[in-house]
Ligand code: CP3
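Take a look at this single chain, the form predicted alone, given in structure tokens.
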Amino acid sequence: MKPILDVLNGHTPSVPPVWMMRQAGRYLPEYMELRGKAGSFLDLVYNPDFAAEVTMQPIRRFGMDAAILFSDILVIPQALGQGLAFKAGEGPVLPPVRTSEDFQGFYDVDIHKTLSPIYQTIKNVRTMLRDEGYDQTALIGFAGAPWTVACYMVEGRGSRDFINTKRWAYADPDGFDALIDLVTQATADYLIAQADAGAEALKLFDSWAGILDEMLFERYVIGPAQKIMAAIRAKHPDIPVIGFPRGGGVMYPRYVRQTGVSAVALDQTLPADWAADHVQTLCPVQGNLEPFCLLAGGTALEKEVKRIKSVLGEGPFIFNLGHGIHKETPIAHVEKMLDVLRED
């Protein structure tokens, strides 16, 4: 079995397998070259040949144990009918959804018409992994979790306080629930289609889970993940799913128990020894090097890689970052991280 899949099935290898969130991206010159040819970020995402090539770039350069589908979490709102643009210096921009009336038209949309190029990307990557001799490299598909996706849909962009989203969730829970339910169903359908196309594992990114109190975490992080897992298990009972309730802190064990995910990714704020005692005893874990430690490099990087490996490497563990790699990270630092991790 491929090393990543072996760990996700509960086994503990002598050397942890490794991949990085955002491993295909702007820190790689080959990515920037292809990004220039594509025309725009979304043109890159929806071009199966280009997106497959980008997905393969870190595999060829570093020999990562997993390829992560090159796409974006906001393809779901776009597929539902919400406008989406990526503006230089601003990031994603969407026409805000602020009331139930704003998304009524989304119910009649076939998301797969928009997302079909992404499924083709998955098929292309599986073929490339096979033809280029990466037989032990797993392909991970992913989606944004409903709470995080809804934050962008409501705010219309990234936010520091998510005032409009939280206010709606508290003031009109029934109306906000309808939006969450819509995104939950679309996300489940999307992930199932990725598995149909050849993804060997799936990941659910809830980047803004940590901004919620206990009540809303239960309702909008755990609840939707439960529904998504049930839908996936009905169609693909054996595919492993990695949950990532970023910033979830002490809610991690509850998230694992109640959602039924196969594994969880740990963000860098979660102490590794606490995670070993309270989370890794429940399921395999992935993480959790601070991305800015990788950016800085040097002695601090070497020490942290060794520390995380020593604390979490005694159980089922995939080495990764606590969040996505920073675009200014030197390639030499990634190479050093891998050298240290792979030492006997």
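Numbers for residues come from their place in the sequence shown, where the first is 1. Treat the numbers as computed from the prediction; the structure is a model and nothing was measured.
If you look for the form predicted together with coproporphyrinogen III (CP3), you will not find it shown, but the lines that follow are about it.
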{"item": "Residue contact check: Pro271 to coproporphyrinogen III (CP3) in the model of the complex, 4.5 Å heavy atom", "value": "no"}
{"item": "Partner contact for Tyr152 in the model of the complex: coproporphyrinogen III (CP3), 4.5 angstroms, heavy atom", "value": "yes"}
{"item": "Partner proximity in the model of the complex: Asp72 to coproporphyrinogen III (CP3), non-hydrogen atom cutoff 4.5 Å", "value": "yes"}
{"item": "Contact test in the model of the complex: Arg61 vs coproporphyrinogen III (CP3), heavy atoms, 4.5 Å", "value": "no"}
{"item": "Proximity to coproporphyrinogen III (CP3) in the model of the complex, single hit among Gly249, Gly81, Pro95, Gly91 (heavy atom within 4.5 Å)", "value": "Gly91"}
{"item": "Non-hydrogen atom within 4.5 Å of coproporphyrinogen III (CP3) in the model of the complex for each of Arg26, Arg35 and Ile68", "value": "yes"}
{"item": "Region of this chain that lies against coproporphyrinogen III (CP3) in the model of the complex, out of 288-296, 272-280, 310-318, 35-43 [heavy atom, 4.5 Å]", "value": "35-43"}
{"item": "In the model of the complex: members of 198-215 within 4.5 Å of coproporphyrinogen III (CP3), any heavy atom", "value": "Phe205, Ser207"}
